[in-house]
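Only one chain is shown below, in C-alpha cells, and it's the form predicted alone.
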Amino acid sequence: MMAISTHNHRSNPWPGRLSALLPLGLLVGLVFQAPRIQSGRPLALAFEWVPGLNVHFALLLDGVGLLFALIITAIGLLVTIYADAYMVGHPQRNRFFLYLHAFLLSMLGLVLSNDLILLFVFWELTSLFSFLLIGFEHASAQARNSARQALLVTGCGGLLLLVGFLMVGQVTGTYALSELPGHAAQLHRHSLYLSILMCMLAGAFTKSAQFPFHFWLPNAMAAPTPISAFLHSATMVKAGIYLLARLHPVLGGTPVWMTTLVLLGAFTALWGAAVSIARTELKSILAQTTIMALGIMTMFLGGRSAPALTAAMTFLLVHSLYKSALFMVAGAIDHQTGTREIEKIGGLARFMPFTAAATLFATLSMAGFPLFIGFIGKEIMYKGALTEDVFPGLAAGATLVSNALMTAVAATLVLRPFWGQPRKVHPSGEAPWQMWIGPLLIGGTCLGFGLIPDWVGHWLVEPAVRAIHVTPVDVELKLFYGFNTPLLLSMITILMGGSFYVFRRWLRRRLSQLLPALPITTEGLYEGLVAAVISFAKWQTRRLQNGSLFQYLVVIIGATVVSVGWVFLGSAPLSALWNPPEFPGWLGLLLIAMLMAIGIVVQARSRVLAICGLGVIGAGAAILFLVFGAPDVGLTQILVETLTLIIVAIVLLRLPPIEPQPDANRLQHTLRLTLSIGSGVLVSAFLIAVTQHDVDRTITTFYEQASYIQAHGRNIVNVILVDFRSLDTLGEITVVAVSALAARALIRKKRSAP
C-alpha cells in the first residue's frame, strides 16, 4: 500500500500547521477550568434557541464532559501535528484539515451539550463529518462504500435516538440533561420507558460499534490513518459511550438496562478480542481491539456501583491514550515501508528508534504491565467486574479473556515488527518528527500517569464518576492495592496472554477457518438489506417513473383521494357535510353552465368545440372572482384565460383530428372519470366542511393591519407578493425565467439542427 506522501502535488503547509492552534487553544482553556470542575462547580451557558419548541442552546462543562473534552482536544492536537507530515503533498490537504477540525468542534459540541435536541444536532454533525473523512479518498470505491456504510448504520441509529429524545421530552417536560436525573423515577415507572431505552441504546450501540452493529468500524479503516487515530480510537466511537454514561443516572439501574449492557458488552468485547488475533494488517488489528474496548466500557456502564463506573471512566482514558498512539504508529510504518502487514516487516527498531519506543510504551500500557496506567486500569476493571449487579462471573470472565487476548495482541504489535527478524521490506529511515512526537508523548503519558495515579484519579476520573453516579463517591487510583483478587487476575492475564502469543499462529489459522464459515453475519445481513432496498427502488422506479404523465397524475391524485378522503370521511359524518350554504339562483345557473362546458370538453370530437368549452369554464371562474370581491384576481383570470386559449388554439388546431378511442383505452377513460369525480367530491366536501365553522381571521387581520403600516401598500395581495413573500416571489420569477431560457435554447437548437 503506497503512502499518501507519494503525491507530487505542492501545497501550502501553513494552513495545516496554523490549524493546530484551534485544538491547542481549546485544550489550554479546558485545563484552566479543571480546578473549578474538580471542586464540583460545573460551568454552564444557555440561551434560547427555538423557544416555541422549548429548545435551548445550552452547554454544560462538568466532570464527564471535561474528561471527554480533554481527550478530544489533546488527541486532536497531536493528530493535527501528525497529519501535517502524513498528508504532505496531498492535493486535498487543506480540505482534510477543514473536515478534521469541523469534526473536532462537532464532538466538543456533543459532549458539552446540555440539551437533548442540541446534542442530537451535534450527534448528526459528527456522523456527517465522519462520512466525509472516511470517504476522503473518494476516488477509491472501498472508501466510498465504507463511508456510506458508516453513515447508514450510524444515521439509522441517530433517527431512533431522536425519537427517544422526543419521548423523554414528552414524559418529563424538559430536554435539559442536567434536569433529567430528577425525573429518573418518573421515567422508570412510565409505560414508555422500554421504548425510550431501546431508542437510546440503538443510537449508542450503532455509534460505538456494539454487536450487532460492530461490522462498520473495521471497514472504516479505509480512512487515512490520522482519521483512524482520531475518530476510531478517541472520539467518534466514544460518542455512544458518552451517551450511555450521561444517561446512566437517568435510565440506568433497571434490570433491563443492566442485563442488556452487560450481555451485549461482554459479547462484543470477546468477539473483537478474538477476531483481532486472526488479523495480520495493523489497522485491522487495532480496529478489532477498539471493538473489544468499546464492549468492555459498555459492560461496565451496565453496572451501578462506583467501582464499575470508575472502571469505565478509567479504561476510557487508558484506551484513548494507547490506541491513538498505536494508530499513529501504524501510519508511520506504512509511511516508511509502504505496508501495514505484520508478516512483511521486522527489525524496524534500528531504523525507527523513536517509533519503536512509542510503540513499546503504548503496548505495555495496552497489556497492563506494572508502572503503566493500563495496569491500574486493569485492576480497576477486575474490581468493577466483580461488583456488577448482574452476571458478575460473566463480566469477570469476559474481562479476563479479553485482556489476555489484548496482551497477546500487544506483544504481536511490538515484538515481531520491531525486534523480530528483518524482512524484505525495509524502511527508508525514521519517520518525520511530526509523526513520532505524538505517539512518543502519548506513550510517555501512559508511563507518567501510571506513576502518579492519585493525581489522575483526583483531577480526571473522580469528577467524571461523580457526574454520572447517583450518589457522591471518592475515587482512589493506586499503583498497588495490595494482594487481592484483582491483582491475582492481573497476573493470570499476563500468563494467559503469553500463552495466547505463543500459540497465536495456531489460533490465527483456526479463527481464519471459522470466521468465513459462519452461515450468517451481521455484515451479510446489512449487505442483503441494502441490496433488497436497491432492488425495490429499481422496481418502484420502473413502475412509477416510466415517463407516462398519465400514470404520474393517476398515482398522485389517486393517492391523495384515497388517503385524505379516508381520514376525512372517517372523522366527519356525511350528515354533517350535507348542509351547503345558500346561494342565489344565478349562481346555480352559472355552475350548471360550467359543468356543461366540462362535459363538452371531455366528450367533444372537435378541437374548436373543446376550446370553446375551456373558454366558458375560465370565464365562469373569472365571474365568480368578480362577484365575490376579488376584481384584481378576476381580471388576472380573464387575461390569463384569454392568453391561454389563444396559445392552446394555435397548438391544437395544428394537430390531426381527434380519433375515436379504441377499446384498449376504455379502462384509462374510466379511470380518468373516476379520479376526476373522486377529487371533485373530496374538494367539495372540504369546502362545505369549512363553511360549517367560523373562519379564523387572525392572518387576515394581520395583513389588513400591517400592509399599509409596514409595507406602505393598500393592495393587500400585491403587498403579500412583493413584501411579505418577496423571496418566494423572486424564486417563482427565477423559475419562470430559467424555464424561458431553457425553452429558447431548445428552440434555437431545433432551428440549427440539419
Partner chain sequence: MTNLLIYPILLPFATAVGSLLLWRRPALQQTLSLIGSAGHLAACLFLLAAVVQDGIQVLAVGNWPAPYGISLVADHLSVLMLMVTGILGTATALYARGEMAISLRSQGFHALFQVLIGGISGAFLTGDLFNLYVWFEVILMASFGLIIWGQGRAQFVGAVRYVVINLLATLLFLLGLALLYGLTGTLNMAHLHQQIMTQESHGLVTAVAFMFMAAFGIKAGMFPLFFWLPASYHTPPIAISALFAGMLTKVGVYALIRTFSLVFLHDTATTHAVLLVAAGLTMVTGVLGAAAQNEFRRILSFHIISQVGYMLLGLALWTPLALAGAVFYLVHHMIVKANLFLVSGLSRDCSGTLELPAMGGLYGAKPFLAVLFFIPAFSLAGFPPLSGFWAKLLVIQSSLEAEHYTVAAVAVLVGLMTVYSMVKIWIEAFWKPSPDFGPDQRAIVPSAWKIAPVCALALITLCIGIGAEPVYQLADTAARELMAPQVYVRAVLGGAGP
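The term rigid core refers to the maximal set of C-alpha atoms that superpose within 1.5 Å between the two forms. Since the structure is predicted, the reported quantities are computational estimates derived from the model, not experimental observations. Positions refer to the first chain, counted from 1.
Although it is not shown, the form predicted in complex with its partner chain is what the next lines describe.
Only one of 506, 552, 455, 480 lies close to its partner chain in the predicted complex, with a heavy atom inside 4.5 Å, and it is 552. Between the options 131, 213, 501, 242, the residue in contact with its partner chain in the predicted complex by a heavy atom within 4.5 angstroms is 131.
Residues of just one listed stretch (151-159, 283-291, 353-361, 456-464) have heavy atoms within 4.5 Å of its partner chain in the predicted complex: 151-159.
Using a 4.5 Å cutoff between non-hydrogen atoms, residue 124 counts as a contact of its partner chain in the predicted complex. Its partner chain is not shown here, and in the predicted complex it never comes within 4.5 Å of any heavy atom of residue 45. At least one heavy atom of residue 120 is located within 4.5 Å of its partner chain in the predicted complex. Using a 4.5 angstroms limit between non-hydrogen atoms, residue 192 touches its partner chain in the predicted complex.
Contact check at 4.5 Å (heavy atoms) against its partner chain in the predicted complex: all three of 95, 559 and 742 pass. Contacts between 527-554 and its partner chain, taken as any heavy atom within 4.5 Å in the predicted complex, involve 530, 533, 534, 536, 537, 538, 540, 541, 544, 545, 547, 549, 552, 553. The rigid-core alignment places the CA of residue 349 less than 2 Å apart between the shown form and the other one. Positional change of residue 558 between the shown form and the other one reaches 2 Å or more at the C-alpha, relative to the superposed core. Comparing the forms between the shown form and the other one on their rigid core, the Cα displacement of residue 731 reaches 2 Å or more.
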